[in-house]
Each structure stands twice: as structure tokens, then as C-alpha cells.
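Only one chain is shown below, in C-alpha cells, and it's the form predicted alone.
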């Protein structure tokens, strides 16, 4: 058959496919396809690269077959081909893409994204999965109920339930557990599902490496043509301007294609220092939910669950002792459990309350709660009746300047952060601004008794909350 006939036939097939597949997905996976050869027995379809070949053959083979049959009455064997990458480099104006104007007030209209020929298809190295980080091993309580329910919904209906899903909370409260539980649930159901799960630091390093190699297009192919992207510790994007721009476009591409995005962070989107407003806005499009410190009852249940996973049954009194003394996060509880199991195995002793008290003394001291800048910001903002965003802004009214200076002073006194790091929590202020703030508060403290008493009260509240 002639090439004109083949192409006309394929155009008819594409028109039929367009009726069966959502417009944005049709343009993403089928727009650049061509027919190479056709007979009633076999058809060869050319696609841009192997990732499209895998997606189309896994998800749309039946639709293609039915569309061909409707157009010509044949049921040929379907084969996909693509050109291997050449040595030439694709031309692409990176700076123009970086400064492309996007709407911030609402989600962008779905658009097709052309796939440019690049290096052989490869995915970034995944973060290792913990086999115990599954939904059935996650203890649900008042502090994490919504986060758990939303993660479960996303695992059951990726791209449809909540997109993006943004989980935030302190260290060791279960964010990583839920991210990995989603991965385990989806891959158990469909092993061909393409997901990429890695830390924000690894995402940044991948991007930097691609720039150094002159292969930004390869980077884009690895991250934009997946079914799900999961990024842990996304707060590391703060102050990384060029990576933020690249992530912004990656986010838009995935969102437009109805691909699931899941992010975890130590703080809410609006509290990430130096994060561009258009990213903050996009992070809020789906569902933002917080994991808090587990209640006493939840901590007891966590200890029971995790000790059983290690093949040991802790008594109620041992579980309650650990839960009373380690309150900040789940990771502390795991550390105590591991310590007791190791001591029990080493000395062939039963894990009693006496053994726990004698052997967890150092562990409990090791995990004395550490003050975070976010703790200080929350308490200062509450006392002075200002917004967190105002403390981190450039606003210079007295109603904001004084609480901001108090926050910087307390951050220097109660945390281990450097002056430069403290400045980063306040919209990227430099260390000289922090020094000035500290000196102003020191002077006011020595001159005004009521102000001194206020600082003492705030310190007690911050430290008291950490031990509560």
C-alpha cells in the first residue's frame, strides 16, 4: 500500500482515537505518532521515544486496535518503533523557557508538550523503599487521620483524588511512611506504573548535573513523562531559584496531563523560606494536610505495632513508659524499641519495665526535644497577633518589625542555627540584619522590665510546648 494511503488511514485512526481519549492525554501520547507500514496483518507505528512506546502499548493498545478495526475492518498486529538517539544535540533556548510567563491565579489550561529526542530513556535513581512502610503498618490517630485518609485516596485514584497532595509536619511524624505506602500500594496493583520517588536534594542534584552535561532535555524527559512524581523534603527548593523554575514547569506538565504529584515538607507551603509565590500557589491547588505530634494513646499504639513487627510483644507498662517519656515523633519511639530489643537479645533478658528504665535513660536524654524556628515563629505570631507570612516578609511597620526582631533574638538564643540560617527563615535576610535585631532586643530587655518579663514568658512557653 502507498505511503499516502497509510498516512490517510492513520489520520482516520487518530481521529477515532481522539473521540475515545481525553484531549490532553491524546495530544501528549499520540500527537507526534506516524504510521511506518501497514498491511491487514501488521501495522508499524512510529513514536518519539521508548517512554511513549511503553505508555501507549501498556495503556492504549485496545483503543488503537478498536479504532483501526472501525476505520478499515482489519485487526493487524500492532508494533511500535522509534529512532535511537543520535549524537546531535537538540537546540533549545533554556533561558526563554525559564522566564516563560504562566498564570498564577488558576491552574493552567491543559496543553500538549512535545517530546524532543534526547539520550536513551532512563529514570533517576529511586530512594530505597522500606518494606514496613505500608498502609497496614501505619497507626492512625487524631494527629494524622486526615493525612492518612488523603494518602489512601490518592493511592486508590492517582491524579483524581487530590492533586497535588502536600503533606507537612515535623521530623519523624510519618510523612515518608505515607509516601512509601502510596508507592507500595500502587506498584502492588500495577507493576508497570511509572512513578519516581526521591528527595528534593536528589532532584536538585539531578538538575545541576544535567545543566553541567548540557542535557537539560534529558532531565525533563526523566521527570515529566511519568505517572506519579513524589518529592520528599521539598522545602530544600527554597533559595534555589533556577531549580524552582525548572520544577515549576515540571509541575505544570504533570498537572496538565493529570499525573499525580505528591510532596512532603517540614512546613506549610507559605512558610517555606524564599519559595516563589507561584509555586506556593500551585502547592495549594490540591490538598495541604499536616501531621502533628501523636497523642499519648497513639504513641502507645505505635509502640505496640512496631514492636510486634520486630517479633516482640511489649507489655502495657513498658509501652506506657516509653510513650510518656518520648513525645516528639515516631522516630524516637522506633529508636527506643530497637534499643530495648538489642539489649534483650544481647543479655537474653525479658523486656520488663525495670529493664526499660535502666536502659532507656540515655536514649531519653538523647531525644530531649529540640527547639525549631517554626516553634518560635508560631508562638511569637500568636502573642503579637501577626501573620507568619508578615514575619517573613519585607514589611517594615512597627507592628511587624518588633515581633520579627523578637523572633530572631529567640531563634539565636534557643536554637543551634547560624545567623545566616536564621536570616533564611525571615525571607532571606542577611546576617547583619539578624545581628541588628538581636542587639535591639538586648537593649530593650535591659531597659524595660515589662519587656524582659515578656521575653521570659515567651521562652517558657516555647520550651514548655516542646516538653508538653
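Residue numbers count along the first chain shown, from 1. Quick caveat, the model's predicted, so the values are computed rather than measured.
Below, we turn to the form predicted in complex with a small molecule, even though it does not appear here.
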Would you mind picking out the stretch of 139-147, 347-355, 203-211, 373-381 that comes within 4.5 angstroms of the small molecule in the model of the complex, counting non-hydrogen atoms?
-> 139-147
Using 4.5 Å between non-hydrogen atoms, is residue 220 touching the small molecule in the model of the complex?
-> no
Is there any non-hydrogen atom of residue 245 lying within 4.5 Å of the small molecule in the model of the complex?
-> no
Decide whether residue 306 counts as a contact residue for the small molecule in the model of the complex under a heavy atom distance cut-off of 4.5 Å.
-> yes
Please check if residue 133 has a heavy atom lying within 4.5 Å of any heavy atom of the small molecule in the model of the complex.
-> yes
Which listed residue (72, 81, 171, 342) meets the criterion of a heavy atom within 4.5 Å of the small molecule in the model of the complex?
-> 171
Of 281, 274, 176, 199, the only residue with a heavy atom within 4.5 Å of the small molecule in the model of the complex is 176
